[in-house]
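Next up: a single chain in structure tokens, the form predicted alone.
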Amino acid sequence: MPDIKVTPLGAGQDVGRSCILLSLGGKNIMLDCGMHMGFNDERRFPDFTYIAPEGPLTSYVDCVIISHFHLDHCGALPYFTEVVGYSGPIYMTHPTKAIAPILLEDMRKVAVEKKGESNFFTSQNVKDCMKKVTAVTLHQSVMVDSELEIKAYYAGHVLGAAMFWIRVGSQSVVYTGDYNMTPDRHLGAAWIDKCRPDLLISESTYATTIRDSKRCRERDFLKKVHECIDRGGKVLIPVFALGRAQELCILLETYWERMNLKVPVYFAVGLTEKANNYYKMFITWTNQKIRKTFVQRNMFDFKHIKPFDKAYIDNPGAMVVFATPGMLHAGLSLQIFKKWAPNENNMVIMPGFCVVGTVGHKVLNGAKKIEFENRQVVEVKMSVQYMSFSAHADAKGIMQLIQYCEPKNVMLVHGEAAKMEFLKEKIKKEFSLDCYTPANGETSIINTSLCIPIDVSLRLLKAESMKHNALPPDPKRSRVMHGVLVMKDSSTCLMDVDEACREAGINRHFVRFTSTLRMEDPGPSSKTAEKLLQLIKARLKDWHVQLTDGSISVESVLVKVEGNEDEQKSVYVSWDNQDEELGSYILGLLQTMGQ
């Protein structure tokens, strides 16, 4: 049996640094190539020496697929292509190709120019890397080579996020990347065909969560923001430039409009202005409502939300600020946090998942004092709120996707080990599927059944459908096709017996089976034959049943009654091997009558 091998170099029982090696049908595919936000040392990038100890890796990897532009999914790509050395094909969607280089460049600036780190990629590396990328459209079938085919499906989550279906020969795998099964204010829900892959590799960030209704969370969020600004406090909402940022902006914009509020709302510029332009550019990737209203009013042209200037940090009075990045691990959001944290009137609302090691994670776990690299200690007196506006699928969403695409095996990645374990048991119990949760560097081997495609002759198909249509409809009846498998040159074809004999140039042989029954029925044997004829006719309404010379015939089946006028009669039933099913049926019918 051909095996599918999967080894996570990142995101195995862990969130961050997604990078999964997939081997199927003799091809090696890298799914995502991300970096870890919680580390600043060599653990930041996946360990590419696992593929080969040194040198260019083009000969070892057939293609790289990037699911979306978040840095934990594409952050190591320039390092992999330009520093380690890979010049093979790279695939991502059009919005991902447009937005990823902006985020990569922004992160490089923070890491190299502000923190002075070495062993990082350069600005030129990012540009050279993006030149190697091939952009794909949704549902477009792309042949990487003569055997390897990939296709992208809409994943929700963020602009341009896609799930990928990958096929080599008869084996197929679906990799979800990050996805969201519920539509939100600016994106639709993930969608995929019933493609029945051998393996579904799914993210499991919220493996144990079933989120309450979105409306409740939105109401709660607005209430908290309003309470804080009423008491003159400042609200900091750390977000990533794309995704939740647009979601929450649309939410606040409509609320400010409705309530006629005058408190300023700011957005840390730079990245996000560009980001909103991309939303306007790739409007087809957003949801139905935004596309409908797009002509009259663009949802991304905000009236109440103004660009933020660093000088506003110390401004007195209430304000709401969206700042990047979302986990408070660097940049402007962290700068503002340090300034505002010691004041109990202020509030920070964390709208999404925070990786272990980031300030966001520490704050959410109740840390009251946070120490920074330069021995600076910040007291956290401000109110800390966590509200999941995360664009990941929750447990219910993951189960829904499994139900949709009907895989034969499931693998969970991009989640915490204990939570995965819980969901793994649930999947086993509900779907009776094998579920794998490999750790980083651990290989899972999935056995798949081998499917051999064969042709079927038209004559055989017609004969089968005539037979099937003659029977009363029954959706549970399986359709069995009898034929001879003929292998010639490199093709395999199922034919009916006469065709196969002609093809092979041989005469057809028949095997005839005969069975004898004893039956108690007084009177002449012709009368018994009459009775049997009526019985068979009643049971086989759509078949041609006739009586000639005292023998009943149906197709190749013959029924003959012999015996004197006394009670004991012998009934002979004979049939050709091709009518095995019909012969056995008539024999069974007569046996029950004889008893």
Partner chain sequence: MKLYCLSCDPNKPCYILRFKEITLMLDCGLSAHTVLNFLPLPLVPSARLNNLPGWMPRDIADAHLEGELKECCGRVFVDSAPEFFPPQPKIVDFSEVDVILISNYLCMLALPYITEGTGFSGVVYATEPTMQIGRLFLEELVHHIEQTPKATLASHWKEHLHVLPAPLSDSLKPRNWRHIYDMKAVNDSLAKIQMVGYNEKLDIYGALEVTAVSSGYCLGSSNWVINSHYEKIAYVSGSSTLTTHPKPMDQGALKNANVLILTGLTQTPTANPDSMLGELCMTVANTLRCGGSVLIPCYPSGVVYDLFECLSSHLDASGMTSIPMFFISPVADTSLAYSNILAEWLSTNKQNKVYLPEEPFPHAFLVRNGRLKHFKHIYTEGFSTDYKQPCVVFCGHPSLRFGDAVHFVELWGGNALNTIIFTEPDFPYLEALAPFQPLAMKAVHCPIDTSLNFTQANKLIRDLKPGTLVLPESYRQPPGTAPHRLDLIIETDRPLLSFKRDEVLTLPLKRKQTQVDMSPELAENLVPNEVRSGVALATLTAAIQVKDNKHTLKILEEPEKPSSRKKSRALEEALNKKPTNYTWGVLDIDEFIQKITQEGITDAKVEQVASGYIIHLPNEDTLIQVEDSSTHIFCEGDMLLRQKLRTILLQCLNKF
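In this text, the rigid core denotes the largest set of C-alpha atoms whose superposition between the two forms falls within 1.5 Å. Positions refer to the first chain, counted from 1. Bear in mind the structure is a predicted one, so any value in this text is a computation, not a measurement.
Quick note: we don't show the form predicted in complex with its partner chain, though the next part is all about it.
Undergrad: For the interface check, one of 94-102, 520-528, 371-379, 325-333 should have non-hydrogen atoms within 4.5 Å of its partner chain in the model of the complex; which one?
TA: Stretch 94-102 is the one.
Undergrad: Do residue 578 and its partner chain share at least one heavy atom pair within 4.5 Å in the model of the complex?
TA: Residue-level check for residue 578: yes, a contact with its partner chain.
Undergrad: Taking heavy atoms only, is residue 89 within 4.5 angstroms of its partner chain in the model of the complex?
TA: No - in the model of the complex, heavy atoms of residue 89 and its partner chain never come within 4.5 Å of each other.
Undergrad: State yes or no: in the model of the complex, is some non-hydrogen atom of residue 453 no more than 4.5 angstroms from a non-hydrogen atom of its partner chain?
TA: Although its partner chain is absent here, residue 453 would touch it in the model of the complex, with heavy atoms inside 4.5 Å.
Undergrad: Is there a non-hydrogen atom of residue 282 within 4.5 angstroms of a non-hydrogen atom of its partner chain in the model of the complex?
TA: Residue 282: yes, in contact with its partner chain in the model of the complex.
Undergrad: Considering non-hydrogen atoms and a 4.5 Å limit, which listed residue (470, 110, 356, 458) is close to its partner chain in the model of the complex?
TA: Flagged contact: 458.
Undergrad: Scan 515, 443, 343, 124 and let me know which has any heavy atom within 4.5 Å of its partner chain in the model of the complex.
TA: Exactly one residue meets the criterion: 515.
Undergrad: Could you list which residues of 460-494 come within 4.5 Å of its partner chain in the model of the complex, counting heavy atoms only?
TA: If the 4.5 Å heavy-atom criterion is applied to its partner chain in the model of the complex, 460-494 yields 461, 464, 467, 474, 478, 479, 480, 481, 482, 483, 484, 485, 486, 487, 488, 489, 493, 494.
Undergrad: So that I can tell if residue 284 moves, could you say whether its C-alpha shifts by at least 2 Å between the shown form and the other one after the core superposition?
TA: False for residue 284: its C-alpha shift is below 2 Å.
Undergrad: Rigid core fitted, then: does residue 60 show a CA shift of 2 angstroms or greater between the shown form and the other one?
TA: Where the cores coincide, residue 60 shows only a C-alpha shift between the shown form and the other one that is less than 2 Å.
Undergrad: Aligned on the rigid core, do the two forms place the Cα of residue 122 2 Å or more apart, comparing between the shown form and the other one?
TA: Residue 122 C-alpha, core-superposed: shift of less than 2 Å.
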